[in-house]
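Before any questions on binding or motion, here is one chain by itself as structure tokens, the form predicted on its own.
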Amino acid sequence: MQNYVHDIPTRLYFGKGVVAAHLTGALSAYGKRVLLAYGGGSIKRTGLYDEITALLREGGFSWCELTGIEPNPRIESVAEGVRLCKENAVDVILAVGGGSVIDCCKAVAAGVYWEGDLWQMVLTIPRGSRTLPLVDILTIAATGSEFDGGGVITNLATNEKLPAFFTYPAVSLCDPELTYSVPAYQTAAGSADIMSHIFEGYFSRTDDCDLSDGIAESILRSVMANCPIALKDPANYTARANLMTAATVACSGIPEYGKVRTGWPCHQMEHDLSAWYDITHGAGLAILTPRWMRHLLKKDPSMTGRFVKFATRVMGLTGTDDTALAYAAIDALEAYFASTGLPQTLGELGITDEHFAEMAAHVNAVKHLDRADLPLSDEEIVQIFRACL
């Protein structure tokens, strides 16, 4: 087991009614001038916007609004948020939405104090940089951005989608009832993202972390049990609550405590797919993950035992041939993703192999998977992309 550091400064309120109970107190700790940020307007259709603005008025807050934040948040939205914060002397940012909105607001929080080009900030910002405080209201279970310090920002001009560490939210308000209106496709894609956050650390060469493995396996089983329920019964509180809790913990770093970092290969590859084609992140991960698993297992048979553990503890499979059992687990995972309605190939999303070589080269030039603990050369990344067609 490797050394690790636990440092999650976010105060998280979970459950029914936490917005009404805690929003004004959370914001008041930082000031009265608020940037209210959200995405495409679903919070207005559901009535959440009215609830929030009523609370802001009652609490004596003033606010300006950053709207239309994209599913793969763009540097232009970050720049607009920074402008609004500076022009309105904002004290605290309120992000209402899923990971894309929260990620964008993390970058805005840092960008207010950044001198120079904001895309250069994404590329080079040092950990611990000064930021505005951030409060969020979570509306979809997926990225775990409500409980970590990272954000992923897209620059369509350069076909780049890159992660950076900006800031932890000061307070996160997580009410599962706010996810009832999430469409089935986004519920499935969000669940695939949760699972991928686990897979990226679970398939590590470190094999003596019993607690980390147990937490990871429990989250995977929970997501696979509750996602189908939420798809059939969107207002099932228990299913939505379990998915929201799983999302928060999955990307918190806790399931990787003591493990050697893998480089998060599927996320790094998917970010380049999204940068070029603006696809739904979780859908891209669901396509990539089984192909990456097969590639890894074929390349490094020493990982067979880890896949057998996944097969028996998560997928509920049995068998005496370890190699066959390992591949059967991957097949079962692929079938599970298909059962949730997610696409199974990149071709279904209109993607060809035209830019695979460029994407692979960029992955290794910027994210260095070729030097990760589970290394992938440019050629191997192209092979995985092509296996997804």
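Everything numeric here is computed off the predicted structure, so don't read it as measured data. Sequential numbering from 1, following the sequence displayed.
Below, we refer to the form predicted in complex with 5,6-dihydroxy-NADP (NZQ), which is not included among the displayed structures.
K.L.:
Of these, 36-44, 58-66, 323-331, 343-351, which stretch puts a heavy atom within 4.5 angstroms of 5,6-dihydroxy-NADP (NZQ) in the model of the complex?
P.N.:
Result for this chain: 36-44.
K.L.:
Within 4.5 Å of 5,6-dihydroxy-NADP (NZQ) in the model of the complex, heavy atoms considered, which of Pro265, Gly99, Gly201, Gly111?
P.N.:
Going through each option in turn, the one that passes is Gly99.
K.L.:
Among Asn226, Thr131, Asn72, Asn155, which has at least one heavy atom within 4.5 Å of 5,6-dihydroxy-NADP (NZQ) in the model of the complex?
P.N.:
In short, Asn72.
K.L.:
Identify whether 5,6-dihydroxy-NADP (NZQ) in the model of the complex is within 4.5 Å of every residue in the set Ile140, Ser145 and Lys161, based on non-hydrogen atoms.
P.N.:
Every residue of the candidate spot has a heavy atom within 4.5 Å of 5,6-dihydroxy-NADP (NZQ) in the model of the complex.
K.L.:
With a 4.5 Å heavy atom cut-off, would you call Val182 a contact of 5,6-dihydroxy-NADP (NZQ) in the model of the complex?
P.N.:
Yes, Val182 lies within 4.5 Å of 5,6-dihydroxy-NADP (NZQ) in the model of the complex.
K.L.:
Please tell me whether any heavy atom belonging to Gln186 falls inside 4.5 Å of a heavy atom of 5,6-dihydroxy-NADP (NZQ), as the geometry stands in the model of the complex.
P.N.:
Yes, Gln186 sits close enough to 5,6-dihydroxy-NADP (NZQ) in the model of the complex that at least one of its heavy atoms falls within 4.5 Å.
K.L.:
His271: heavy atom within 4.5 Å of 5,6-dihydroxy-NADP (NZQ) in the model of the complex?
P.N.:
Yes - in the model of the complex, heavy atoms of His271 and 5,6-dihydroxy-NADP (NZQ) come within 4.5 Å of each other.
K.L.:
Test of understanding: in the model of the complex, would Gly150 fall inside 4.5 Å of 5,6-dihydroxy-NADP (NZQ) by heavy atoms?
P.N.:
Output for Gly150 is yes: heavy atoms within 4.5 Å of 5,6-dihydroxy-NADP (NZQ).
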